[in-house]
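One chain is shown next in structure tokens, namely the form predicted alone.
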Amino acid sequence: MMSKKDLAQANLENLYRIFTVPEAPDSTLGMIDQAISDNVTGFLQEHVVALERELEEIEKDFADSRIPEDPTFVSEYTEFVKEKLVAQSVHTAAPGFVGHMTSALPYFMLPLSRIMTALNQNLVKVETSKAFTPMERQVLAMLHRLVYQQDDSFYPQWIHKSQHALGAFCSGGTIANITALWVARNRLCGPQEGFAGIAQEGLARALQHLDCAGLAVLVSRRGHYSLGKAADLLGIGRDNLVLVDTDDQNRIDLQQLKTHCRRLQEQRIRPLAIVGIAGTTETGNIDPLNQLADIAEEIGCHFHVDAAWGGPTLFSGTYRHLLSGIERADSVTLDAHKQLYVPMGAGMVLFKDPTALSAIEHHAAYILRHGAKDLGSHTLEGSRPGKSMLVHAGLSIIGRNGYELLMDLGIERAKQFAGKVQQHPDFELITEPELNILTYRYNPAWAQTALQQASAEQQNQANELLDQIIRLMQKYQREAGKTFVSRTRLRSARYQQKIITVFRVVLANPLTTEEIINAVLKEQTELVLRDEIQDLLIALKAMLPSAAGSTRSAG
């Protein structure tokens, strides 16, 4: 009998296999996969990193606005795709590509995507997606259960109920967030005596009926930009998307939130929703969801959690507690094309109340008829592909335990990366990883010491030079095409809340090893020797008091 440690190691090895080893050639999936590998996939394997060309040069290959007059051979077009498109694409699956939220895909997603495309099901209605409709409802129920943990008696009565749904599939987190706030708006402004509802009479009549001057959505400054789109589209107005300051851990400041709520009340603006973030895009931090749920309950507004990034952490027995309170949310956004490892275009919004989506229900005589199980009656988008098949595949093949391993591995790798940054004298950790995202910057040891003795004005000037250094290092690293990190700008409590430029790293790819992490940092220390960066370091040393040590050092 295998020991627990040996079993865990075997599970981890099997998990690696599904990201790297295809099915046997004589299997159905294997034959499809082989056919693909003969062309574009083979080219990708030979060209791991895109050949660096200026965007303006690439644009020349796509500058002709005339539609070709005559047909051409598929083989000829494939060559065009390989040479002009694939060669200039970003290899997001590369283990050294740790700058964005796009990762390696399990090998089985490629042949299954071909099957999905070939079937060409349209999830707008049952007549064009007979088997895919119940599958989509099942996937929504599976993830609803992951989030809300309802008991066995709950799901049979709701999973396939024609006039209700546990959530909605959509093309990504943006549409999911918009859908959540659309439902919240229509429920708050629903039909009542003397008022036919906002969907029928519009926002102006709704505000008159509610006896208020406007509606507002409150979220931290780390909120996703899709919420601004939602405020615009729903007529709330971007000025009424209230961005609340964050604390030193990039989480929403609860006292500031309460202050904004009081201000809105004085201005007769009614809070429509409070949005909590479970995995901020820039730093991966999680808002205090339980406390946000308390405040939303107290003021009587919708509580939405944007868990597009961090939601799958719920698979982890070790880290699930970080999202405590998410089960109290009225709605939750998930993005399967992030940490569920599904190809692009698979977002979801889940609702605690299975009747909530009725607030945006819509019908047509030729489609989406009353009483039908058509999923399009509860979605912003009409025609949609059967992406639920790929999510179903991931949940079935990887399983709960596999996803737990992936979540734990990513967080442990991020902690490992952060430890290496802290141990290196010439790097400065800016935000520690709560999940699997961290930020840091190059800041030579002598400058870190001198900054502690510098005046506020000197700090500002020094940080501006360091910003330029970070931008150049990130540019040079991207152009070299060996490894990649992104960059962003954050307020730093260490430097009087001034905004500084930092490297941002996302550790979601299970193929990213410790050796690759070392290579990322090693390459950055070597980039410091570039003349343009050395000139900036000399200027930095001249600016700071008590600066000591040679600037011409790779650290």
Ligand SMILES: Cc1ncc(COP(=O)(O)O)c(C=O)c1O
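Start at 1 with the first residue shown and count on from there. Everything numeric in this text was worked out from a predicted model, so none of it was measured.
What comes next is about the form predicted together with this ligand, which does not appear here.
Peer 1: State yes or no: in the model of the complex, is some non-hydrogen atom of Asp287 no more than 4.5 angstroms from a non-hydrogen atom of this ligand?
Peer 2: No.
Peer 1: Since only the chain is shown here, I'm wondering whether Met101 would be in contact with this ligand in the model of the complex (any heavy atom pair within 4.5 Å).
Peer 2: Taking the distances in the model of the complex, the answer for Met101 is yes, it comes within 4.5 Å of this ligand.
Peer 1: With the cut-off set at 4.5 Å between non-hydrogen atoms, does Pro433 touch this ligand in the model of the complex?
Peer 2: It does not: once this ligand is placed as it appears in the model of the complex, Pro433 has no heavy atom within 4.5 Å of it.
Peer 1: Decide whether Ala308 counts as a contact residue for this ligand in the model of the complex under a heavy atom distance cut-off of 4.5 Å.
Peer 2: Looking in the model of the complex, residue contacts with this ligand include Ala308, since a heavy atom lies within 4.5 Å.
Peer 1: Considering this ligand in the model of the complex, find the one stretch among 166-174, 265-273, 311-319, 408-416 with heavy atoms no farther than 4.5 Å from it.
Peer 2: Heavy-atom contact with the partner occurs in 166-174.
Peer 1: Is it true that Glu136, His378 and Ser388 each have at least one non-hydrogen atom within 4.5 Å of this ligand in the model of the complex?
Peer 2: No.
Peer 1: Identify, from the list Ser220, Asn186, Gln474, Thr281, the residue with a heavy atom within 4.5 Å of this ligand in the model of the complex.
Peer 2: In short, Thr281.
Peer 1: Which pick from Ser129, Ser113, Ser226, Asn250 sits with a heavy atom within 4.5 Å of this ligand in the model of the complex?
Peer 2: Exactly one residue meets the criterion: Ser226.
Peer 1: Scan 324-356 and note down the residues that get a heavy atom within 4.5 Å of this ligand in the model of the complex; none is a fine answer too.
Peer 2: Read in sequence order, the residues that approach this ligand (within 4.5 Å, in the model of the complex) are Asp335, His337, Lys338.
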